[in-house]
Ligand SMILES: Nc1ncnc2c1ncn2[C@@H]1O[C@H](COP(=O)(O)OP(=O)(O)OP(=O)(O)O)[C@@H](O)[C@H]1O
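We begin with a single chain expressed as structure tokens, specifically the form predicted alone.
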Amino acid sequence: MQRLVPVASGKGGVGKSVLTANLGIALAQLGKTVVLVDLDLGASNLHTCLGIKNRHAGLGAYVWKAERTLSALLVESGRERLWFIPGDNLLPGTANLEWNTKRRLIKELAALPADYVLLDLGAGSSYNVVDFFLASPAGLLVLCPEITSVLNAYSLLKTSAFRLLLRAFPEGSEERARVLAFSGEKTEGSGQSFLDFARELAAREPERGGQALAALTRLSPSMVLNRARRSEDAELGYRLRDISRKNLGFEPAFSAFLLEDEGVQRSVALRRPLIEFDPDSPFARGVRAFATRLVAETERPLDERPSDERPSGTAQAS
């Protein structure tokens, strides 16, 4: 069964695209069929991390209906079991998609013939990013040990909860007005989380509100703390988890802890993923451990994931 894995970050520069490329290769090396999709609309660069020349038709061809299916855009990566769908910086309007276009694209992504489809999303909390992040309840949130990265990661999670509730109700409805009013209030420290608010909506409007509550309850993203320098950096991830639990009503699991590795910059400059360029580097070892855990968890129900265990794939900082 295919697993759709959106990969997002609250801010740029945390290594999201590098992680996506190396994780895709690690999964393929474990015998899984993988498709990497560059959905960083307007700033596509996943092809650079993979060492693939930017000469292929990208998502813009699908958006503007020059190609009828995403499968027509699949590009061989030069690696067994690993395929790539390029983004598109050249066609105007690709970075700002209407909801119906995004919904059609998400449906096609879920139909791609692969064990894993990794979506390299843009940084930040725009609706383009959030809507694709919500394409799966089990997205990956990449952050680095900087307070700005953690705050922006929380903003992405909060916007995701808001967007999920907002989409559940039609324009002009009383419930949508209540969602907008609630989002305009400061929930931090109020004692009422987004999940609490969703329960109130479900009590008032059982059909749509109940569906929104169920979707919010299923939301189970995972954190990847990248570019860590010491084991204490993990505390920022646990702080994000605790704040999310109190104010949003759900908490991201801590899935991987990856050390800062000077080889990453060299590998990007050479357009050779580090997991191939230096497979024994700390970053490559951590990514392989993370890929192994991801495969092991694929068949496990999301609600059985341990949220308080120490992250696997951890390499101790010296």
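Sequential numbering from 1, following the sequence displayed. Here the structure is a predicted model, which means the values were calculated and not measured.
What comes next is about the form predicted together with the ligand, which is not displayed.
Heavy atoms of residue 34 never reach within 4.5 Å of the ligand in the predicted complex, leaving it off the interface. Using a 4.5 Å cutoff between non-hydrogen atoms, residue 251 does not count as a contact of the ligand in the predicted complex.
A residue is said to contact a partner when one of its heavy atoms sits within 4.5 Å of a partner heavy atom; residue 265 meets this definition for the ligand in the predicted complex. The closest non-hydrogen atom of residue 14 lies within 4.5 Å of the ligand in the predicted complex.
With the partner omitted here, the residue from 259, 275, 63, 256 that has a non-hydrogen atom within 4.5 angstroms of the ligand in the predicted complex is 259. Just one of 201, 73, 168, 123 comes within 4.5 Å of the ligand in the predicted complex, counting any heavy atom, and that one is 123. Proximity to the ligand in the predicted complex holds for all of 18, 40 and 226, with the criterion being a heavy atom within 4.5 Å.
Residues within 4.5 angstroms of the ligand in the predicted complex, judged by any non-hydrogen atom, belong to 265 to 273 and to none of the other stretches in 65 to 73, 265 to 273, 51 to 59, 24 to 32.
Residues of 135 to 170 placing a heavy atom within 4.5 Å of the ligand in the predicted complex: none.
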